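A single chain, nothing else alongside it, follows as C-alpha cells in the form predicted on its own.
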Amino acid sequence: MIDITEHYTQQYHSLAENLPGNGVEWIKTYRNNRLSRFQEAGFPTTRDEDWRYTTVRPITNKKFTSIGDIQVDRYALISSKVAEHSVMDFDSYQLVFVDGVLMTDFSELTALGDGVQINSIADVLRQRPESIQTYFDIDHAEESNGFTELNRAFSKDGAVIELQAGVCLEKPLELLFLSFGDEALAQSRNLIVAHEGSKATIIERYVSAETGYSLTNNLSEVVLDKKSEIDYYLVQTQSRDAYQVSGIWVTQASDSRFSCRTITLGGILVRNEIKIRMLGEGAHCDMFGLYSLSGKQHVDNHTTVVHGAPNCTSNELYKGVLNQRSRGVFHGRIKVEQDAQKTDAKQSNNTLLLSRDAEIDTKPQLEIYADDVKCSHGATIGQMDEVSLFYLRSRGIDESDARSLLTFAFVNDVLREVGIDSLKESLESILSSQLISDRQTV
C-alpha cells in the first residue's frame, strides 16, 4: 500500500511539467524545495502542539486527486451551480474557481478601473513571474505545516489582486470556490497586495456544488502597505462530505487596518488558520469568528496575532454553537514582542453547548515580552439559559422559536460585524435552517 505522503509525491511528479511557470528555474526550484519540506514533515498529527485536538486521519485515510483542466461539457453545470450559490442582490466583482482552477468565463471583472489589477496566478507565473517573486520568497517557515507545503508545491491556480496606492474598490470582490467532490483535491494560492492608502472588501467563499468527498487546501497571503485597509470574509458553507484546510497569512505595515470575519457553517472537518503580523507602528486588526456545528462536524480555529511594533491594537472575538456530537477547537495566540510597547490586545472565545455530547477545546494564549502593554484574554463555555428560555415561553413563544432567539442573541456580536446586508441575511437564513434541522434530528 502506498504511503499517503508518497501518494501526493507521485501526483506532483506527474503534474510537474504542466504546472504554471515550470520552465522558470526559480519557480521549479521553489516547488521542489516545498515538496521536500512536505516529504520531511508529512501531515500534522496530534503529537504536534498546534494540532493537539484535531486529528487529520479522516483526510489521510483517503487519497484525494488533483484534477486536470475542466472539461467544456461541464460548463452548463458549472454555470447553473454558480447561479445557485450566488447571494441574492449581492453586488460584487466575482472570480469563480472550480476545484481550484479559475474559470474566467464565469468571472465578472468589468469596470474595475486602472488602479486595480486582478490576474490568475497561473497566468502571472507563466508570463511575468518576476513580479511576484518577492512574495514567494517570504519563507514563513515557522508557520508552515504539511498542508501549506503541499499547497506551495503544486497549487495550480489562484488570484493575484493588487490595489494601487489610494485606490478604493467600490464593490466587494468575491472569490467563489466551488467543489465538485469525487475525492478531488482543490488547491488555490491567492496573493493580495494593498498599496499605501488603498481600501477593499474581499470575500473568500467556499461551497459544494455536488455531494461527494472533497479536500480543499487553500492559502491566501495578504500584504498591507501603510494606511491601507482590507475587510476580509472567510465564509464556508460546504457539504458534510467536505474537508477543508484554509490559511490566511497577513502582514501589516504602519497604520494599516485589517478586519477578518470567519464564518464556518459547513464541512465535516475544517481547519481555519489566520496568522497576522503587525510590523508597523499603529497597525490594527479585528478578528471575528462564528462556527455553528452539529452531527459529527469538527471545526478548528487556530489564530495567531504577532504584535511586532509599538502602539498596535488587536481585538478578537470567536463564538461557537455546538450541537449533537460535534466538536470545536479554538486556539488563539497573541504574541507581544519586546519592542512592541503600548500594545493593546483583546481576545475572547465563547461557546454555547446545545447537547451533552458536544465538546469544545479552547486555549487562549498570551506571550508577552514587553513591559508596557494592556492585554486580556478569556473563554466561557455554557449551556442554554433555562431561566431565559422559561421567560420567553411564558410570553407565548414556543420552545423551538425561543431556542432560536436565544441562539441568535448569543452569536449576534459576530453577525452584526457582517457589514454586507445581503450576505448577512443569507448567513442568518442558513444558520436558522441548520438550527431547525438539528432540533428535528435530535
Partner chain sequence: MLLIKDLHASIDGKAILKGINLEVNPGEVHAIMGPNGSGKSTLASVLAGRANYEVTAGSVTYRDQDLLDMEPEIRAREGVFLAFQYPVEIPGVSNVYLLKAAINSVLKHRGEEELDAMTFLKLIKEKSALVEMKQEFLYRSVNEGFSGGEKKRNEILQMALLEPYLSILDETDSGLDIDALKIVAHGVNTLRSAERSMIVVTHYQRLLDYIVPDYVHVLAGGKIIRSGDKSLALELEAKGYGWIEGQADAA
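Positions refer to the first chain, counted from 1. Computed from a prediction, not measured in an experiment: that's the story for all the values here.
Keep in mind that the form predicted in complex with the partner chain is missing from the display, and what follows is about it.
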>> So, His377 and the partner chain: in the predicted bound form, are they within 4.5 Å at any heavy atom pair?
In response: no
> Heavy atom to heavy atom, is Arg395 within 4.5 Å of the partner chain in the predicted bound form?
Replying inline: yes
> Should Glu399 be counted as a contact of the partner chain in the predicted bound form, where contact means heavy atoms within 4.5 Å?
Replying inline: yes
> Heavy atom to heavy atom, is Leu405 within 4.5 Å of the partner chain in the predicted bound form?
Replying inline: yes
> Which among 384-392, 55-63, 36-44, 22-30 is in contact with the partner chain in the predicted bound form, heavy atoms within 4.5 angstroms?
Replying inline: 384-392
> Of 412-426, which residues get within 4.5 Å of the partner chain in the predicted bound form if you count heavy atoms?
Replying inline: Asn412
